[in-house]
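This document opens with one chain alone, in structure tokens, the form predicted alone.
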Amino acid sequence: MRGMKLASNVMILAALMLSNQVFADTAPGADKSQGDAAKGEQIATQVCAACHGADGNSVMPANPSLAGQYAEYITKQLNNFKSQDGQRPERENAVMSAMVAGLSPDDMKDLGAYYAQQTPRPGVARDKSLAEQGERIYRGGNLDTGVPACAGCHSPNGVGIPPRYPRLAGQHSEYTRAQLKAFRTEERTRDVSNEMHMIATRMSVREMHAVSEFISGLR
């Protein structure tokens, strides 16, 4: 009985994600200009390179690699870090809030355009056994606990589904793991459907580590 209920929950969550993706793909304004990559490069060199690398390939495990990420997703995250009209930002991070304070909406679009054009460097999973456990969850989820397969939204090869679901392939395992924990505790922005919070609360710490390790070597 418990298994049937959890299976039903997984199906409902999967359906919710699919409906959200359809909405995201057809939402008005989804095809707006993505900005000027040349201008974005100038900003990236002056503001972002120290933490994220000159070409968006971060060498610091705590800082995400941005190369090859969807322009819309990067622009949205930059906006989320910025305080609007004196209000608390949707994503709270002292360093990032300081970095985006002087950026205009066009600057954020330009940065998104620049990073989207950069070539991501392939990562390597350091713990093969842990990565194998993560692959099972990434591709098949966990029916017993109602965790859906990550591949359903982020695609089997981790390239994501624009504009809503970001690229994950090759991302530092430390960063991915930290974001999963932040989703669980609601430190990261919750979207309307609350997808990632629901998923993260059903994952064990071990599963978060495993999935993050697998993603770091995904190509």
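All of these numbers come straight from a predicted model, not from anything done at the bench. Start at 1 and count along the sequence shown; that's the residue number.
The form predicted in complex with a small molecule is left out here; the points below concern that form.
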Quiz item: Does the small molecule get within 4.5 angstroms of any non-hydrogen atom of Gly56 in the model of the complex?
Solution: no
Quiz item: Wondering, does Gly146 line up within 4.5 Å of the small molecule in the model of the complex on heavy atoms?
Solution: no
Practice problem: Answer yes if any heavy atom of Gln118 is within 4.5 Å of a heavy atom of the small molecule in the model of the complex; otherwise answer no. | Solution: no
Quiz item: Does at least one non-hydrogen atom of Gln133 fall within 4.5 angstroms of the small molecule in the model of the complex?
Solution: no
